[in-house]
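Presented below, as structure tokens, is a lone chain in the form predicted alone.
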Amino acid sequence: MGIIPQIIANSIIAGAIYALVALGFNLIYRATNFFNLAHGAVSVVGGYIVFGLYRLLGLPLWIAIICGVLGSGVVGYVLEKILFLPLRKRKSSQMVLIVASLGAFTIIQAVIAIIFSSQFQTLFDSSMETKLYQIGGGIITQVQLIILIAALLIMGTLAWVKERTMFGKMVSAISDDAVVARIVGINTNKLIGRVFFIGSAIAGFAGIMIGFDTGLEPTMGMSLLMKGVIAAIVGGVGNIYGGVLGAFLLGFAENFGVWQVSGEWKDAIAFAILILFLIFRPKGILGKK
């Protein structure tokens, strides 16, 4: 096994993980036009729901995963209804919404730590069979293959919904002009609630997959959020295809960037890319929607 094929495989998997986070983030941003910083903590919720139901209570894995995805969606939906919707009705500024989402992030993270402790946990147990696949000279695990396939399927589904369904067209309408959308009869608050549920459920699935791949910590939400936001900005905030493109570019840049240096430089490379794009191309590669 050569080092280059393995770095490529690692880059693809990292990009798929970032894409899952960026897809949900971009979907919510497209409908609300604000940076929902609570998105990272919501992704962790999904992983810990599966941990509680599967590892602690012994429920079947498939039931735990479904509950984890739906639970993350419900948390995002509740945040929209009890926090963000009242603030929007008061015509709060974008900064107020961002600060509120940061507060929600902190509360969710603290609750997770209180319930499950701050210790590292993993969803993978000894009864699970570890399957390895060789692709182009690189080795990936079964979980990593599922992450990659899921990221591509979710992107394709969201793209189809956006282009082919009334729901997607209404989301585009409120993204362009929420006031006009209300005038023509779109229930924007109800629609945004659905968007929060879907985007948060996608984030929850990402957290679950990461729990099986590398493990869970209450504080991992910030790292996931930052990588998802950077991927979204690089590709184009609110652009579904752009978020995925930015995620894979970030994955490749990080993994090839630390080839000859310490892995601790990954975050520095990611933020250096973010700064460069904010300075020279703030709308991202494919443009902001």
Partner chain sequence: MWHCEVNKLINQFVTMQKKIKTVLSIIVVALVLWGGYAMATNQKGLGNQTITIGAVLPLSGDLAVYGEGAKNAAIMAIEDAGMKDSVKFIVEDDKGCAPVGGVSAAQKLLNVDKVNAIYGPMCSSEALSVAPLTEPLKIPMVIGAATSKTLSGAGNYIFRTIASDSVRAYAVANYAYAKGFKKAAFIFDSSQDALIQEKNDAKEAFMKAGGETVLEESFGAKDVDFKTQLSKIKNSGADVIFVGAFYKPTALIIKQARQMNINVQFVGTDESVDVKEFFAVGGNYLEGVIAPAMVKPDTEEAKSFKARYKARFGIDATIYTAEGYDAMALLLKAIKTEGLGGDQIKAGLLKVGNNYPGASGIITFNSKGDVEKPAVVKAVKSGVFEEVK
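Residue numbers count along the first chain shown, from 1. Nothing here was measured: the structure is a model prediction, and the numbers come from that model.
Same protein, other form: the form predicted in complex with the partner chain, not shown, and the subject of what follows.
Among heavy atoms of Asn239, none comes within 4.5 Å of the partner chain in the predicted complex. Remark: Leu132 counts among the residues lining the partner chain in the predicted complex, judged by a heavy atom distance of 4.5 Å or less. Taking the partner from elsewhere, Gln144 is found to have a heavy atom lying within 4.5 Å of the partner chain in the predicted complex. Among heavy atoms of Ile7, some come within 4.5 Å of the partner chain in the predicted complex.
A single residue from the set Ser92, Thr214, Ser172, Thr188 has any heavy atom within 4.5 angstroms of the partner chain in the predicted complex; that residue is Thr214. Only one of the listed residues (Thr106, Thr157, Ser118, Thr165) places a non-hydrogen atom within 4.5 angstroms of the partner chain in the predicted complex, and that residue is Ser118. Each of Ile3, Ile13 and Phe124 is positioned with at least one heavy atom within 4.5 Å of the partner chain in the predicted complex. Heavy atoms within 4.5 Å of the partner chain in the predicted complex are found in one stretch of 239 to 247, 252 to 260, 27 to 35, 65 to 73, which is 252 to 260.
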